[in-house]
Structures are given as C-alpha cells and as structure tokens.
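In the block that follows, a single chain appears as structure tokens, in the form predicted alone.
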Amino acid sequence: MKTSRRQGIVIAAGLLVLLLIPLLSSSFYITVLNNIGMYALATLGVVLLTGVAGMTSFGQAAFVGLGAYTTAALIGPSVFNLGAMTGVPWIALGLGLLITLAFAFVLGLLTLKLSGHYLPLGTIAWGMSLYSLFGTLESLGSHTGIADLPPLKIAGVVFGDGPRMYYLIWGSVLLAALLIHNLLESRMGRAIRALRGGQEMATSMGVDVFRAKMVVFLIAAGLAGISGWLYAYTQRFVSPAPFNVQSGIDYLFMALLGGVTSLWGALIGASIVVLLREWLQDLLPLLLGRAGNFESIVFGLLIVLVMQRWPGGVFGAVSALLARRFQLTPRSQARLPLQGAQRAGTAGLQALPQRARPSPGERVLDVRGVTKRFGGLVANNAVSLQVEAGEIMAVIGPNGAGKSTLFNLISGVMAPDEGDVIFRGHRVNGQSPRLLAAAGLSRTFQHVKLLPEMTVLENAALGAHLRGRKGVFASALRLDGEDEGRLLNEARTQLERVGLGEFLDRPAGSLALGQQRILEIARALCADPCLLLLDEPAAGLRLKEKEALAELIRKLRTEGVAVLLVEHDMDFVMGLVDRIVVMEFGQKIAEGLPDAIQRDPAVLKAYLGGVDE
C-alpha cells in the first residue's frame, strides 16, 4: 500500500506540474514542450512495438508524415481545394488515421512475417519509399512542402501553437499512455508481451501471433498518425524533411535513451533528445567556431554510453537507483495478483466453462506411421502410438532417439513427411499449434519457455488465453473486468493446485528451475486440455516435488485427461505411467507395460549401448 501511495503521489505531482507549466513558462519553452509531446506520442508507439513486442521499426516517422500530409491536404486551400474542411478538424483526424492505418495494414501484411534483421530492413525500405513519395508528388508541394495551413479551431476556439495546443497535445499523450497501460495489463496485453521472446510458446497457448503483431503495428501507426495531425496544426507547414529515415532512427533513439521497455521511457527519451538538441545547436557552434550537425555526434556517443551503462535506459537506471535508495518494491513484484478480479469484484465471479471431456476409453491421440526427415537424417521412421482418455503414456529413449521431433509432430510445430496424426478423430497433420490448443491439446517444453519479467500469475494466465473473449478496445477502456478476473482466478486456482500459490506476484524468472517447470504445467492446465504433452516434467525437481507432480498427474487421469510425457527419470516413469513407448534412432523398438519394458532385451540393449542424458 505504501508503494501504491508513493506512486499515486508522484503521478499527481507530475500532473500538477504539467498543468502549471504554461503559466510559468515563456512562449519559447511552451513551443519546445509541444514538440516534446508530439515526439513522445509517436515514441509511445515505438516503445510498444520494439520494447514490448520485440519488433524493431525505423518507419515510425513515415507514419507521422502520413498523418501530417493527409491533414495538410484536407485543410490546405491550395492543395486539393478542400480548404472548407478547415472548420471540421475531426474529419482531417479521422481520414488521416484511416489512411495511415490502411497503409500500415498493407505494409504489415508485407513485413510482419519477416524475422531477424529482415524486419528492420523492411521498415527502412518502406520508410524511404514514403519519404520519396512525399517529396515527389507535386500535388503535395514536392520538397517545398505545403505552407500557410490554418490553425486548429474547435467550437470557435483557436488553438494556435501556445498553451491551448499544449494542453491538447499533452492530454493526447497522457490518454494514449493510459490506454496502452490498460491494454498491456490485460489478456490481449499478455499476448502482446509474449511476442518478445516467446512466440513459439504463445502460439502453443492459443495466441494468434500474427494478429497480435498486426494489432501492435496498427496501434503504433495510429499514435504516429495522431502525432502527424497535431504536427500539421502546430507547425502550419508540412514538408518531407521531418519524415525521413533519419527521423525514424531518432524515434527509436528516443525510446532507447528513455527506456524502451517502459511507457515512461517515451516521455523521458523525447524530453532529453528535444531539449538537448535545442541546447547543443546553440552551444556547439560557439564552442567549435563553425556551424554543422555536431549534435549528431554527441547523440551517437550518448546512446553508446547509455546502452553500455544503463541497458534499461534512463528510466531503468533511475528506477533502480530509487529502489535501492528508498527500498522500493520493483514494479513486477508490486503488481496486485488479482488486478483484473478486483476490477470486477471477486464476489460472484463464475468459474470459466470447461470443455466436454472425452468418454472413458475414447482414443484421444492416434499417431499412424509418422516419418520426418531432415535432409538425409530420418528423425522419426514410421512411428505409431495411441493414447486413450485418462491414460498416462511415456515415451523414453536415449539421446537422438527422436522423442522431441515426435512431440513437435503431434503438437503441430512440424508436419510429418509421411503418416498421419489423428487428434480426437480429426487428421491434424501440420495444423497450427494455436488450433490444436483450441481443440484441447496443451504442452510444456523441454527447455522452459516462460516470460521471466512477467509475474507467475500472468505467465499461468497466458495458458487460458483462448478461454477469454475481450479484445483490444475493451481492454484499453477497462471494460474487461469480469473476463479478466475469471482468467486470473483460473490461473490462481491452477497455481495453488501445483503448489505455487505463494509465488503469484513473483517474477517468473526468479523461480528455481524445478518451480519453473511446475509453472509450465500450471499454464498448460489453464488451457483446460484433454491431452497434455509433458516434455521432461520431472527434470530439476526434488524428491518431494516429484511425488507431488506424480500425484497431480494421477488426479488428471481420474478427470479423463490423457497425458503423454517424455521423461528420463526411470523411477518416476515406472511408478506412474500405464504404458511405455521406447524409441531408438527414430524408430519405436518396444511398447508395453512398465514391468514388461524393464525386461525387454531390445530396451536393455538400447539403454546399455546409448548415451545417458
């Protein structure tokens, strides 16, 4: 409570300062602050796109240009003779956003499927193209630009570029930051945060990764479009120069300098860059005795210094300093574990509906002669197995046996070259893991795939993604209280079920490896599966934890959940499973009851001749 009170005091003080600044500042600094606000608005999109979702973009300035040029074309009397729209700025804003989002949607379709360094290179390419378009079209004034734009007028009140415009700009910034904050603390926000380093896991939990990328991309473009609308009315002149690739780099620089993973980083980075540029442009020519873009050298050195000393940017460095100085709780631990439930009120919240369980004896999984080749290597060779409802089956074998490949074929990560995977009566060869998750297949991973900076509760809730219904707008406007509360209650229930109930608000990365594996199981259970794939679930667990895990799996069996697991702890396997499949060099060499498998000569030979894992 003390931390929340401190945060409330800081926020209230900041808002008071913003309100009083126009009364205490000269017109010059009000103009500077207006520029900071417009930069901050677009940089919020960069933080969301790059820092949160992990997609590097150099094209934000081009979207600002689209918003600015559309506004200028609509209100400038000498461009398309549409000057009559001067009195209806909301039409210019709406059309500017519409055109910006349409461009962003098309560009997103073309570039968001790129990965690695190809994505930022793609954003540079279309950023250059839009800049060239602005400078080439004579109807847009070519490189001369569009001048003599009328000031913003709303309900007869002229805003100009002074205090009134200041309040409009900073009101837009604060509103955008609030809506993004709300979004990130929601079901859709967890999916967006999972894009940065957890896309394979998120897909297996039912997240439509490409849709989440497109949502982030459109939000970032929309913020840039609003910034461009404000720019056109504030500067009353639009030319291509402020919207080139260098400007796109500047937006990314602001985000990195301020703190690319924090919304506050956008405000801090924009403030530092704009103010420092103003001072350096006056100071450096006096010191060096000649004019030039020497501030670019200073900025380059500054970003290198910040990235070396403070990878989290200025905001991250200051936050860490204050946390040490005043013994504040880090944000990731200060979050209330039932935030969404508290919005709606925990009383009266209904549990999430459960899917119909398979009938006893129903064949849930039928793998028929699947083969997978990687060049000349045959990872799986005509492997077959069947798992029934309420059955626990183990797949064992030495290193290189093909167990992980088999799991990937079953879960849709890969498609078999030959054979079929039948899940609940339907052939699902190569079907998206997201669709399989919706059908009732959930899994854990050989190498733990968690989002370490998110809380234990949030990581688990990601598994229930498909069981929620509220989308982007409901989340941003905080209309998702009941839906979010039910998802988080389900996550808490499953975490308490696996013994992690006391760690709800801890960062997942702070857990021991064994606890992280248990967290993965809780996340998989949040999906309400009828088939659970467990990849080495006992690895890293202590004896008591293994016993508790075995008891949990047995309970799942009584509930009709089928469990298929890969495991190397033979004591754990032999005392738990109903049947065992043994693999060696991509082939199934034995299948049967645990006692029979322990006596099988082929199995003994494989293990005695194999390599211990």
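Bear in mind the structure is a predicted one, so any value in this text is a computation, not a measurement. Residue numbers here begin at 1 and follow the sequence given.
Unshown form predicted in complex with a small molecule; subsequent notes refer to it.
Undergrad: May I ask you to check whether S262 falls inside a 4.5 Å heavy atom distance of the small molecule in the model of the complex?
TA: No, S262 is distant from the partner.
Undergrad: Would A320 show up as a contact with the small molecule in the model of the complex if we use heavy atoms at 4.5 Å?
TA: No.
Undergrad: Using a 4.5 angstroms cut-off on non-hydrogen atoms, would A401 count as touching the small molecule in the model of the complex?
TA: Yes - in the model of the complex, heavy atoms of A401 and the small molecule come within 4.5 Å of each other.
Undergrad: Can you work out whether A512 and the small molecule are in contact in the model of the complex, taking contact to mean some heavy atom pair no more than 4.5 Å apart?
TA: Residue-level check for A512: no, no contact with the small molecule.
Undergrad: Can you tell me which of 236 to 244, 377 to 385, 295 to 303, 161 to 169 lies within 4.5 Å of the small molecule in the model of the complex, counting heavy atoms only?
TA: Looking at the other structure, the answer is 377 to 385.
Undergrad: Which one of T405, T111, T203, Q494 is close to the small molecule in the model of the complex, taking close to mean a heavy atom within 4.5 Å?
TA: Of T405, T111, T203, Q494, the residue with a heavy atom within 4.5 Å of the small molecule in the model of the complex is T405.
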